[in-house]
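Starting off, we have a lone chain in the form predicted alone, written out as structure tokens.
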Amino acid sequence: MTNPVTSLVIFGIVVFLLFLIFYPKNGIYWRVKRSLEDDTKTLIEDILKKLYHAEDNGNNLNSNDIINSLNSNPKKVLETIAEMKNKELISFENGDIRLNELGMDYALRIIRVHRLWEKYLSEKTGFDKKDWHEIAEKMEHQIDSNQAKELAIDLGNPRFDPHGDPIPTETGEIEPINGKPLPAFSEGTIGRIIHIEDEPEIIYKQILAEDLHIGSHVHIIENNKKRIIFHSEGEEFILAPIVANNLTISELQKEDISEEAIFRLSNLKENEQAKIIGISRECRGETRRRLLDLGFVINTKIEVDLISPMRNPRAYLVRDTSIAIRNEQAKFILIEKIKNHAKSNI
């Protein structure tokens, strides 16, 4: 005969386990259920984004294309695609998957949140720009439309993200990018970088390593199948066409070319004097405020004062004050060199 005390203990353990599993909202069952729902939601949103970008570029995707582009279980992807069809987010056309109106609206909401987050990270935080995309990829699944609206208001309702991509409005309107890839222009063209594509990551990192910025003027010197050479802000850049294709350029007319002689302060040599004409749009947040507070403002004359043994940092004479900054900061300060100036040696 079973000991009553033992039966009571077993009963208590079972009740306790059931409590842990099915406790409202925070029980194991509900947490697992929410996790599965969140995984499905994230997968749906990732697929919608891929379909949107494909259609925006004039391409079509089928189920295999989506499976190969996602780091997810193929069976789960196929089940999710079927669920999306049942929800009328997508439809099939000759084997290709197309966004329906509901799917397009949903995709634009996700893209809006992603680009707002990249704008937030660039303006309000100290995160490196190489990390913006990855962080935004996670956050885009975590906030709703109301939170996105609050974020947009806090940022001043920006029209473009830090890469130059247009940010969809609440109603899904999106501005076109009025430019063409850099390789599409002929030698001698002068234009402005208006967009830097951040995918694929391997190419984006090459562009970051070159310190190319939105808003910079470029003057194309050579353009062929092997390489593209151009000048920008006093420096020469050599890119493979596949990399240069991720830079969108807006061609400038002669009357618009007022910054052809722009240089970066990091290029200023000893015995040269220059005038500050601005701070690159790439310089944001605390770094920008610090440079302005130090006196690096428009129309201020500047020259090299002292150079450290390792040539970084360098000290510049600004309004009779010697200010040392690193080359990584000096590259953001745009200057126009003053000709026929020689620094006096007293």
Partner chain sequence: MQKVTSSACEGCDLNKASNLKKLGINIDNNNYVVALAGNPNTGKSTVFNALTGLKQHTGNWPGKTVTRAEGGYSYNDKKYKLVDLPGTYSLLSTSQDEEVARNFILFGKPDVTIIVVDASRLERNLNLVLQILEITDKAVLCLNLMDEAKRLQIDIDDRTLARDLGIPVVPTSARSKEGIPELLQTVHQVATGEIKCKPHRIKNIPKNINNAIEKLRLEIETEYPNVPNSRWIALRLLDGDERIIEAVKTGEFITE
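Residue numbers count along the first chain shown, from 1. Computed from a predicted model, the values in this text were never measured in an experiment. We call the rigid core whatever largest set of C-alpha positions still superposes within 1.5 Å between the two forms.
We do not show the form predicted together with the partner chain, though everything after this point is about it.
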| message | I'd like to know if K124 sits close to the partner chain in the predicted complex, meaning any non-hydrogen atom pair within 4.5 angstroms. | response | yes
| query | Is I67 close to the partner chain in the predicted complex, meaning a heavy atom pair under 4.5 Å apart or at it? | reply | no
| request: Using a 4.5 Å heavy atom cut-off, state whether T40 contacts the partner chain in the predicted complex. | output: no
| query | Taking the shortest heavy atom distance, is H53 within 4.5 Å of the partner chain in the predicted complex? | reply | no
| said: Residues K76, E79 and K138 are flagged as a possible site; in the predicted complex, is every one of them within 4.5 Å of the partner chain by some non-hydrogen atom? | reply: no
| Listed by sequence position, which residues of 307-328 have a non-hydrogen atom within 4.5 angstroms of the partner chain in the predicted complex? | V318, R319, D320, T321, I323
| Does superposing the core leave L292 with a CA shift of 2 Å or more between the shown form and the other one? | yes
| task | Take the rigid core as the frame of reference and indicate whether the C-alpha of H53 shifts by 2 Å or more between the shown form and the other one. | result | no
| said: Once both forms sit on the same rigid core, is the C-alpha displacement of N62 at or above 2 Å between the shown form and the other one? | reply: no
